[in-house]
Every structure is written in structure tokens, then in C-alpha cells.
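Presented below, as C-alpha cells, is a lone chain in the form predicted on its own.
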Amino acid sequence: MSQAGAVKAKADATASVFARSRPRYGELVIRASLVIAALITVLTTVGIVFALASETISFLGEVPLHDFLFGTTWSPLFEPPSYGVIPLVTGTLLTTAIGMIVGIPLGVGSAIYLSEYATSRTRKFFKPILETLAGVPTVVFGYFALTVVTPWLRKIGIEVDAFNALSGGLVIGILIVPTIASISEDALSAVPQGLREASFGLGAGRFQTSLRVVVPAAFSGIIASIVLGASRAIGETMVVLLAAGQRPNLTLDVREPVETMATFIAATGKGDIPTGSLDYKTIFAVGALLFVMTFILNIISTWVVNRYREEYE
């Protein structure tokens, strides 16, 4: 028998052995479990969309869409009621912007230090501590903003109200630092070491290599972390509920109290509002708008990540 024939006979024998082997029930169970987990995620999302859409459509049947999206007065629980959501959107964007101004430099800076400057021992010590910050209950951050940050702002000469957007936004910035830092550090660490060595070989220092080589190479991952942090900030409830107040104030003055969309949902949802009433439906209308804003933010994030993604072999 030729060598080729012997190889073919051996392959046929191996195939027959695998064909006669018993089914791997454990692998089938794992595969089925993963499919079920994926389906539960999809069905949960569909259920959320359906719950929001059904009540929102009913709400818009009584309140014109133009008045809801472009009205400048929000007082659905008073007489006469007004359903202009702009003050809630402004308050949400204001506290989120303050939080991002604080969170992006601290988060990305921490990630660059842990990835490019810290020793292995230092990284193993500080990164778990940084990630532990994400496990602190947000109500603790809210009381911290109310009882520590606001008095501190007054002590340094900033005349803020007892409830104000500035202290809430500053603490939101601290709150999102672990999210941005952890994901950015993973993206920076994934950059091939060869790029750093090539930069060092051309005479660049560690600082130049970090900012001009490593950060651009990990740009898509950093953007993803920032967008995830922004989504976290937009949906934050307890910090702004305790520190920023519950006044739907159409203002850009960070020293004044504001009300965000998440705050309104939390504060109104726990009140004695009859189910099915127009006041009850406002919760779902605001929630649907918040969902759409976050969804658009994620779409933009996906486009940016795909546009600037770097792939290495």
C-alpha cells in the first residue's frame, strides 16, 4: 500500500472512531445554556421597549409631541399641568457634562499610569482598589456630595444653593472614574509591546510614547470606556436626587438646583400616583426619552469604535 493510501486509511479509521463516540451531553447543555442566556437578554430588552412604548404612545395621545419635546416648563403634578421636558433634559446634560469633565481626565490618566508607568506590583495593588470604588452604593456618594462637597464648595468661595448641579456633577465624575479607568487600562495594555519598543528605539521617551503611540493605538477602547461612563452618568439617580435637588429648573448655572430625568422617574415612581393616569404615564414618557438618548449615544460610540479601531496580528 502506498504512503498516501495508508494516510487515507488512517484518517478514515479516526473518523469512524469519532462517529461512533457518544454525544457530549455536557457540551450540549453548555451550548443550550448560552443560547438561553442570549435569548433572555434579547427578550428583556424587547420587554423594556414594549413597556415604555405602550405607555408613551398613550401619553402622546393626550399631550402633543411638540409640547413634550420643546416645552420649557415641566410641572405635570401641579395645576395647570405643563409637560415640557426641556428642563429635565437640560439638568441631565448639565450634571453629565460636569461629571465627564471630572471623570475623563481622572479615568484616562489613571489608566495611563497603571498601564505605562506603574510596576506590576503597584498595578496589582491599585487596580483592585480603584475597581472597588465602583461597588460603593450610589446613595453613599449622594450623601457625600450633600454633606461634604457642597460645604467644601462654599468654603472655597463658590456660593451654591444647598442643592446644586455642581456638587452632584462633581461626585458623578468620581463615580464614573472606575468604569473609564478599568476599560481604558485594558485597552492600553492590549497594545502590542513592539510599538512601545519601536518608539523607544527611535529616541522617544516614556511620556511621548504613551501619548503619541499607545493612546492613539488604544483610542477605540478609550472612546468605548468614555461612552460607557457617559451612559452611566446620564442614568445616575441617587447622587442627583440627594445633591442636585428636584427642581425642574431651565438653567445652565451650575450653582442652582436642577432635576434630571432619572431623578424625576425615581421621585415620582415612589409617590401615590394612580396607575393609568396621565401623571403615571409621564414616568414612561421620560423613561422612553432617556432610553432613546442612551441608545443614540451607543450608536455613536459603535461608529467611532469601528471607525478608529486598530487591529494587530
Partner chain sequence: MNAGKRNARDAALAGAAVEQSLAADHIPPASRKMLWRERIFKALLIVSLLVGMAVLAILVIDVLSDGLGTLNLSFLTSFPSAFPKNAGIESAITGSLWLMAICAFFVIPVGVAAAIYLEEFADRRRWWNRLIELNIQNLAAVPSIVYGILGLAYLVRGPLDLGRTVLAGGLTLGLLVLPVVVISSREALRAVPGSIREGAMGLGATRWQAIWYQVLPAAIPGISTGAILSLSRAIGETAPLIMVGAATFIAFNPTGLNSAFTALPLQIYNWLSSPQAEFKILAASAIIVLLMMLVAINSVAIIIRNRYEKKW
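The model shown is predicted, which means the values in this text are computed figures rather than measured ones. Positions refer to the first chain, counted from 1. Note that the rigid core is defined as the largest set of C-alphas that superpose within 1.5 Å between two forms.
The same protein also has a form predicted in complex with its partner chain, omitted here; what follows describes it.
Although the partner is absent here, residue 274 is a contact residue: one of its heavy atoms lies within 4.5 angstroms of its partner chain in the model of the complex.
Interface residue remark: residue 78 is not counted as part of the site for its partner chain in the model of the complex, having no heavy atom within 4.5 Å. In the model of the complex, at least one heavy atom of residue 287 sits within 4.5 Å of a heavy atom of its partner chain. Using a 4.5 angstroms limit between non-hydrogen atoms, residue 66 is distant from its partner chain in the model of the complex. Of the candidate stretches 153-161, 80-88, 138-146, 67-75, only 138-146 contains residues with a heavy atom within 4.5 Å of its partner chain in the model of the complex. Of the residues in 279-304, those that come within 4.5 Å of its partner chain in the model of the complex through at least one heavy atom are, in sequence order, 280, 283, 284, 287, 290, 291, 294, 295, 298, 299, 302.
With a cut-off of 2 Å and the rigid core superposed, residue 33 has a Cα displacement that reaches or exceeds the cut-off between the shown form and the other one. Once the rigid core is overlaid between the shown form and the other one, residue 65 does not reach a Cα shift of 2 Å, moving by less than that.
Once both forms are overlaid on the rigid core, the distance between the two CA positions of residue 252 between the shown form and the other one is under 2 angstroms.
A shift of at least 3 angstroms brings the Cα atoms of residue 302 and residue 135 nearer to each other in the model of the complex than in the displayed structure.
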